[in-house]
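We begin with a single chain expressed as structure tokens, specifically the form predicted alone.
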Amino acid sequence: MISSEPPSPRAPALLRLQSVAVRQSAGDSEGVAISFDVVAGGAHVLTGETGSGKTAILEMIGLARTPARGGLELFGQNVARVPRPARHTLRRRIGMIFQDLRLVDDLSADDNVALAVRAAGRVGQGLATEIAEVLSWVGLGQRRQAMAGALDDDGRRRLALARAVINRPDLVIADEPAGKTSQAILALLADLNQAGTAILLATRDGALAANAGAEVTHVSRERTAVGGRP
């Protein structure tokens, strides 16, 4: 379960999609239009079969793609009106867990998380302690110096989560984050959500979506249905 209680109805929308369509690849036709909000401290699940466009939608929210049409707002700003250099500031408020994880296999767990810290432009004392704490929180406190490539699937997913949250984002986006260790990873995401971090999760697992205790949007090539809590 991601969220046991809905956020306050007065919570502001951190993310808003209004009839947004995105192309999955160059030359592809526009996907179906999709609309949903993720409010501060809220949780939302995108579900749909493989190839339905979930990853393309998440990459668009992460500012790696441009909507084919429709409106995208992040943190109260219309992304289309934000100058490209300023988008980095918006992107820093999002933590991403990619489906392929995108870890650097020949770097240690410590160094993989440190890369995210440096990419955010953070400097100063205390960062080493902060990295150690977040790795301990995800269960890798004893494997900080292990190479990412030497970790098993569970360890790699925990490391990807640590890297996503080290800069204390307002919104964490997770693309098929659970793998074979769904309960452990989902429990950590639930902890984040309960602490006030908004969560947007994409999964092809219909049962996981139904039991997540979150708002659900179903995505398919033919249509997109926006639903409430199951």
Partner chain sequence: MSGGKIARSGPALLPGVGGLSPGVTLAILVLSLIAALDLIGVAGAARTLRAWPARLAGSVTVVATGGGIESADAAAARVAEILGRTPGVSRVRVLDPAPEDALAAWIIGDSLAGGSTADDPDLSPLKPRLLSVMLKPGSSLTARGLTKFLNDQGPRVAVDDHGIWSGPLERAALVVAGGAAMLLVVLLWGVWNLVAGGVRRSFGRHAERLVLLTHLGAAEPVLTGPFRRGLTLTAAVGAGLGVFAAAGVGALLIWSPDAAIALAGLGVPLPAIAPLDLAAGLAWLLVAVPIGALAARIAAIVALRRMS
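Numbering follows the first chain given and starts at 1. All values reported here derive from a predicted model rather than from experimental measurement.
Another form exists, predicted in complex with its partner chain; not displayed. Remarks below refer to it.
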| Which among 170 to 178, 38 to 46, 189 to 197, 59 to 67 is in contact with its partner chain in the predicted bound form, heavy atoms within 4.5 angstroms? | 59 to 67
| task | Check whether residue 81 has any heavy atom within 4.5 Å of a heavy atom of its partner chain in the predicted bound form, and answer yes or no. | result | no
| field | is_contact(residue 72, its partner chain) in the predicted bound form, heavy atom dist at most 4.5 Å | value | no
| Is there a non-hydrogen atom of residue 151 within 4.5 angstroms of a non-hydrogen atom of its partner chain in the predicted bound form? | no
| Might residue 147 be said to contact its partner chain in the predicted bound form, defining contact as any heavy atom within 4.5 Å? | no
